[in-house]
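The data below hold one chain only, encoded as structure tokens and taken in the form predicted alone.
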Amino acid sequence: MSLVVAGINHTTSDIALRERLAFAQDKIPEALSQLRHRLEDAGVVIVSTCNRMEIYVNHVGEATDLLREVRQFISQWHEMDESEFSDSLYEHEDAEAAGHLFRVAASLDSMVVGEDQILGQVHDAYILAHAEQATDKIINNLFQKAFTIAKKVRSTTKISEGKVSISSVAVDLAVSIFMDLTDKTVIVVGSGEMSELTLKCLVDKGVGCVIVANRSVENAQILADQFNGEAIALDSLDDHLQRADIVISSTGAPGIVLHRDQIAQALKQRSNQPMFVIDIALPRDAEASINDLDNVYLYDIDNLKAVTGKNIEARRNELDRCYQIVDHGVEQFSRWLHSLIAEPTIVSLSHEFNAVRTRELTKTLDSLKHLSDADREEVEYLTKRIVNNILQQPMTQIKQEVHDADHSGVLQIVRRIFGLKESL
């Protein structure tokens, strides 16, 4: 029996390759079915996100043969030659495969270490595979262990504390200033990627009204439509600036876009209600002296990076503790996995003892015709308890011995001693 994983992620491949090797969510059930048919009902889970594609498989046979089959499946499913992705593909076996999954679920292998999205993605991938009856005993135990470890990492370390993206830090600062964003208005100056990410975070926090200002009103409208917002021309910004509780600016313009006099005039029209200005442009869009105005909070990209840098460093300081938790989990899982080697012998031993119990119990009860049905049930229950108590220590010791010695030799001795005829 071999447990393997094969995949790519943000560290081994560019986004173009990850897009080509991604599995569409509505096609994963079919992919699971095809791979299981190819491998004669192996246990399979496919994890496919924007940053990774991984296939976990448990099946009889050698790991090298199993990984070859997985590579061929990937090639055929995506209609790509193996040479197009083989250099980017990582492959792990048994304990290393388990350790990899545990690190992934605990977000130690993420682009942003400590992020909370990957655990949900891994969980959804497992639930889908389980619903499609594509998992087996070992895959089930593996993923349940991964979820347990991920929760322990999050609950006993500080790996998830502190935002580590510019957009999330900016939004946290906005929340700290305004507390409740539901009645606030945000104006986005420019329609770049960073503005969009920050805007999305603000909308997720419940910001009430969105206005997008851009030189091209058509481009402004595209971004505004994503958030049920309003689009305006950049040259009309002065007419709307007093409406803004929050201003996000990222235009890519060569000079200043937001001047002190503009903000001062908007503040006057707002009766000096607080205004939060997030300048995430490089070069900067906002005049630095804006921060001198009362009730204005200006943060540029350097300010925000300083906060994220401290948070990233704090998370890095937690990594050793996180890896200790993962390593302990791998050890536990490996011991459980190894103990399965003894299962056929243990089952055979239990079957043999219970066959003797049943045979002798039948003889005894046949000679005790006067016993009531209740008494007979009590006697049978007693014999079961005796056999279970006798077997408890030997079964525990057998599982221990297969870890500490040559398991084939240990199991052969047990079978010879008790006359068990099933082959190993």
Partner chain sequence: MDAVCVQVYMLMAWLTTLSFYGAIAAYIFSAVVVLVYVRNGNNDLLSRAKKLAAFGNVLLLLVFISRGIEFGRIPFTGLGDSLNLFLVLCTGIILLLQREEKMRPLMAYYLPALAILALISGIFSPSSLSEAPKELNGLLLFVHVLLVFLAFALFFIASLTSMAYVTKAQSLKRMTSGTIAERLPSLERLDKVLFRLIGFGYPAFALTLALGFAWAYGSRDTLGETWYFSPRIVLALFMVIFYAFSFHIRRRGLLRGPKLAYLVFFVSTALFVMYLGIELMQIGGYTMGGTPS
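What we label the rigid core is the largest C-alpha set whose atoms superpose within 1.5 Å from one form to the other. Residue numbers count along the first chain shown, from 1. Quantities reported herein were computed from a predicted structural model and do not represent experimental measurements.
Same protein, other form: the form predicted together with its partner chain, not shown, and the subject of what follows.
Novice: Looking at 285-293, 130-138, 190-198, 220-228, which lies within 4.5 angstroms of its partner chain in the predicted bound form, counting heavy atoms?
Specialist: Partner-contacting stretch among the options: 285-293.
Novice: Can you tell me if residue 78 lies within 4.5 angstroms of its partner chain in the predicted bound form, counting non-hydrogen atoms only?
Specialist: No, residue 78 is distant from the partner.
Novice: Answer yes if any heavy atom of residue 312 is within 4.5 Å of a heavy atom of its partner chain in the predicted bound form; otherwise answer no.
Specialist: It does not: once its partner chain is placed as it appears in the predicted bound form, residue 312 has no heavy atom within 4.5 Å of it.
Novice: Just checking whether residue 238 would be counted as a contact of its partner chain in the predicted bound form - the rule being heavy atoms within 4.5 angstroms.
Specialist: Because no heavy atom of residue 238 falls inside 4.5 Å of its partner chain in the predicted bound form, the answer is no.
Novice: Taking its partner chain as it sits in the predicted bound form, is residue 158 near enough to touch it, meaning that at least one heavy atom pair lies within 4.5 angstroms?
Specialist: Yes, contact at 4.5 Å.
Novice: Kindly confirm or deny that 176, 179 and 303 each have some heavy atom within 4.5 angstroms of its partner chain in the predicted bound form.
Specialist: Yes: 176, 179 and 303 each sit within 4.5 Å of its partner chain in the predicted bound form.
Novice: Name the single residue among 260, 71, 184, 145 that comes within 4.5 Å of its partner chain in the predicted bound form, judging by heavy atoms.
Specialist: Checking each option against its partner chain in the predicted bound form, the one that comes within 4.5 Å is 184.
Novice: Report the residue, out of 112, 234, 125, 298, that has at least one non-hydrogen atom within 4.5 angstroms of its partner chain in the predicted bound form.
Specialist: Contact check passes for 298.
Novice: Within 4.5 Å of its partner chain in the predicted bound form, counting any non-hydrogen atom, which residues from 267-287 show up?
Specialist: 271, 272, 273, in sequence order.
Novice: Honestly, after the rigid core fit, is residue 175 moving at least 2 Å at Cα between the shown form and the other one?
Specialist: The answer is yes; the displacement is at least 2 Å.
Novice: After a core superposition, would you say residue 102 shifts its C-alpha by at least 2 Å between the shown form and the other one?
Specialist: Not so; residue 102 is displaced by less than 2 Å.
Novice: Once the core is superposed between the shown form and the other one, does residue 271 show a C-alpha displacement of at least 2 Å?
Specialist: Comparing forms between the shown form and the other one, the residue 271 CA shifts at least 2 Å.
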